[in-house]
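Before any questions on binding or motion, here is one chain by itself as structure tokens, the form predicted alone.
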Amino acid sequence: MIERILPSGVAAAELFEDPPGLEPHPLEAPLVARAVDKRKREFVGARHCAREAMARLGVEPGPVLRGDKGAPVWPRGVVGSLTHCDGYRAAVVAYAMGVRSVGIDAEPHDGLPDGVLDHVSIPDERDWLAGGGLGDGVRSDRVLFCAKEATYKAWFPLTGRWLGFEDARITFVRDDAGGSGMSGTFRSTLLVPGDNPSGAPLTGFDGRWLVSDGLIVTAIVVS
């Protein structure tokens, strides 16, 4: 599913259920040794997808460890992103020589829980939602949240800094192109300085979103 919103040169793998007997890579196992079963299954499934995606990219599959701030640590020369929610795990990877950063997120296609929207949005975005958002059939509040999560995942590898929900403004276009489901593009405009050591200051990211089969997926690929 997620490959529908990714450009060429980016490899992806996904699961819609956890295969029986799936175990973490031996070097990853200590990271979830004390985790509850649900958390362990999410962790193992997403990293299994990561190794599948690495193999498709032509990279020797290996462990995906965790940095001191919780972000995944990718093999040298590779960038990537992980996501998981109920009924879905996914990973995308690309060669660092062609892609600077990747951010993906997946969410169930349901409305946000009560009280969450005010914490994950800014007034301009809430006005957009009040005006109809992405239109009938789309849980626009959850798509907004999903795009914010992808924005942070694309931002952090480039800056090493936190980015709050209030630090980016997301605007959307719906085009429903590329098969079944509802889809389109989004722009994440950064509202804080985007200084980073690897290039010109960041001002924003362009991404794609898709709603299909009860799920929302978003993806940002920074070239």
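None of these values were measured; they are calculated from a predicted model. Sequential numbering from 1, following the sequence displayed.
Just so you know, the form predicted in complex with a small molecule exists too; it's not on screen, but the next bit is about it.
*Asks:* If we take heavy atoms and a 4.5 Å cut-off, which stretch out of 133-141, 148-156, 110-118, 92-100 is in contact with the small molecule in the predicted complex?
*Replies:* It is 148-156 that comes within 4.5 Å of the partner.
*Asks:* Taking the small molecule in the predicted complex as the reference, which of 197, 58, 70, 26 has a non-hydrogen atom within 4.5 Å?
*Replies:* It is 70.
*Asks:* Can you check whether residue 39 is within 4.5 Å of the small molecule in the predicted complex, heavy atom basis?
*Replies:* Looking in the predicted complex, residue contacts with the small molecule include residue 39, since a heavy atom lies within 4.5 Å.
*Asks:* Within 4.5 Å, heavy atoms only: does residue 168 come near the small molecule in the predicted complex?
*Replies:* Judged by the heavy-atom cut-off of 4.5 Å, residue 168 is in contact with the small molecule in the predicted complex.
*Asks:* Taking the small molecule as it sits in the predicted complex, is residue 163 in contact with it (heavy atom to heavy atom, 4.5 Å or less)?
*Replies:* Yes, residue 163 sits close enough to the small molecule in the predicted complex that at least one of its heavy atoms falls within 4.5 Å.
*Asks:* Looking at the partner-bound form in the predicted complex, is residue 47 within 4.5 Å of the small molecule by any heavy atom?
*Replies:* Because a heavy atom of residue 47 falls inside 4.5 Å of the small molecule in the predicted complex, the answer is yes.
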